[in-house]
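Same chain, two forms, each on its own as structure tokens: structure 1, then structure 2.
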Structure 1
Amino acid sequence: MRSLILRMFLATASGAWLLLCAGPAGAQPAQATGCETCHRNEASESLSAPARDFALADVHRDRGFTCVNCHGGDPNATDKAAAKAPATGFRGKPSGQAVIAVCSNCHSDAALMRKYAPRQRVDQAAEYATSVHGQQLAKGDTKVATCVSCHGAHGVRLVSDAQSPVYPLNVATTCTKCHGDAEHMKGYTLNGGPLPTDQGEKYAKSVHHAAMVERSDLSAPTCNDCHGNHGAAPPGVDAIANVCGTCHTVFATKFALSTHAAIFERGCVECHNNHDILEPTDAMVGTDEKALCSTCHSEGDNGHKAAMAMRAGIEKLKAAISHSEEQVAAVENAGIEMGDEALTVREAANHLTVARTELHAFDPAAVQAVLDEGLGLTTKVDEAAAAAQSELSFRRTGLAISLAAILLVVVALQLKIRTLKPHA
């Protein structure tokens, strides 16, 4: 008898486990279950909201998953006690590590995920374990973010869904729900001091935020692009140049060659900041008060001389390009075609951009070589514009002479007419 009961229990338990692991047979939206029938009518918002949210829009529901897949239980049971009996595998509301376990039950299963999202990674749980969130959770800190903190628990949407909290445009808002809350972050430290909570405000001032929000460039970085998403952690000091270099490859390559690469403790951040990365300007280079170089370099040292030379060279090319543009515009406006010269000015502007890039190696000779090429182009344009101006002047002189000749003829004719005798 005992053996029979044991077999029945094992059969029930293993059935429940198979249900949890295997997922739904088909990828059809799941129908309302017994769980939802009761939970929708619960007076408590915390008990009714999950059923309501799951019914509205949920990527799991759309693929046939139901409450049981995460919470266990028996949706066909007619009373609460039977629906949540231990034999049903009921686990209630998971929290902490249990959330990671429930989600990774499917999301770490490559064979299962291949049926629903073949391109999706299945190492989120492994990455999470390496994150600050995961490490804190392992220490027993239950305030830290788990899967549901960012993705939601019910009403989960695809990352590509614009209403998802992890859609690129929404990531900063999602992260700052905790990281912008000083009360929530109380007790966490960074470099011996309290962990700042102004990252969101600073990011909102940055070029990256402007690119993403104002210019709708979803490839622009938000929090997870630098910190990682599932493995979220501040980039290490040694990693900053690499992290920035994932997009700014040329700058990273040049910077790696520079003397500053070994000196700057925080790499790119030393000049450009981390969260409040502003539009870089030429004024950042040089030796005046606004220039960043002068925070470390003083008059007479090599860095000071290099900064002064590079800034002067850049300003010279900028002035030359501006002058050439004016010359080309003036000549074109007078009716002489200057299309080739306009393209050459554009090429000189390319050299200015390349020089600004080259500057990150902090080698004045290399910067000057690029600037000289640009100056050579503007000189050619100026020569062509001067020749065109000369041609224009020649044409105008010719016009003046021909007009004078016509006027002379008119006056002469008038005088001649006066001398003619009238007919009798």
Structure 2
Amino acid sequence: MRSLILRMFLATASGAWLLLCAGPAGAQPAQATGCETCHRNEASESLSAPARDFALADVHRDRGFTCVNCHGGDPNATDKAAAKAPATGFRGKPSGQAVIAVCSNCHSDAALMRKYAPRQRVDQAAEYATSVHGQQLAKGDTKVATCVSCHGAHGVRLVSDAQSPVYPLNVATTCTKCHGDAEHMKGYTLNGGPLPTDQGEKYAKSVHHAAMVERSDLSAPTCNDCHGNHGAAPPGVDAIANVCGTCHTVFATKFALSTHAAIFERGCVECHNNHDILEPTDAMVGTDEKALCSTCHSEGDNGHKAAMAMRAGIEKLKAAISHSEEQVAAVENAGIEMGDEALTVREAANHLTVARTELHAFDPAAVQAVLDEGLGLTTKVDEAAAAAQSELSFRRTGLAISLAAILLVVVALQLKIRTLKPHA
């Protein structure tokens, strides 16, 4: 829920993130300057494309922002040399730290942003400096991402714009432009080895990606939800459970109280992975080949026994729920109302869900207590269904006897009528 609220906030406030320092509220789109006029006519695509993109759709231009706000220069000069003279403050194409300086010139100005976007944060540049990108840039690494790497330089769109590279559905694609490029990432390391470049491929297989792309759930996590955006950094092993717990609060609380919390070096990732997080199933628990518990536990140890017990209990309740559902359906199809019992079966299914949550505490007793409550509910349903079946059988027997009696009366009447007919 908090993730959804955050996205709603970004959708409404994102316009200010990169544009509201340009001019007063309600400012008219900027008119084409001499910079645009000249660049549009350039034969070089690298010089003409920025002018076209800026004129086509750009949040800065929509607020009256012009080329000189970022690049400096004199837009009224007709001579190139005069337009770019040092006295005009011409900066040309900023790169590296200069990009951060240009963007933060407005976006770190609290007074300016308070005037145009009072709710907007003004610490993006400071946060960026703490990120892996910012730290590498400070060391002179110009390959790392800066503001324009993610938001673009010309044709910058709102976060809420589906065509924006930082729109939730597009974030993974934007990040993998660098992180999925083996050549670009060459030389970067993680834990002593080459930094992987298959994160995008793995994320595409995850339950998070399925929720976002297939079910259009924009609250589902993507790269920046776990790694951050301006302060992007891989979560340390001691922070992974906290990162996952931002959304999966109950699971994180249970895990924190478990015996595994002090043993699992990578927290949640030990069982669920990080980028290729698959939809969890009951098959993950237990001791068979597909179960994860057997990865660490061997036959005979307490963990092995606990895994077997929890899995067996879950399967027992699942079978009981399935049986109860069949019984309720059969009775209802026969015409007897079983609405209350159907609700009870749903409540039993809720207990199954709670038991799966309790698994993260790795306490068989706690899991079994929830399962027993669920089994108690299915038992009541089965008893009610059996009583309804007995009632149904009684009704059918009574109906058969009634029909037989009526038939006998009809036959007797016919015989009597024949005896009363006059003889010819």
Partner chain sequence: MSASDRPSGPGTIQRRSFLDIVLGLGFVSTAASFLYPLWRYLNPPATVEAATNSVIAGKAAEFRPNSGAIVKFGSKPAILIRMPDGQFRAYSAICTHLDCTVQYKGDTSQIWCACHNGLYDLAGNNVSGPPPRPLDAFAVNLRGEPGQEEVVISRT
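If you superpose the two forms and keep the largest set of C-alpha atoms that fall within 1.5 Å, you have the rigid core. Source: prediction; values computed, not measured. Every residue number counts along structure 1's sequence, beginning with 1.
Each of the two structures shows the same chain on its own, and it is structure 1 that derives from the form predicted together with the partner chain.
Its Cα shifted by 2.8 Å, A405 is compared between structures 1 and 2 on a rigid core fit. Relative to the superposed rigid core, L415 shifts its CA by 5.7 Å between structures 1 and 2.
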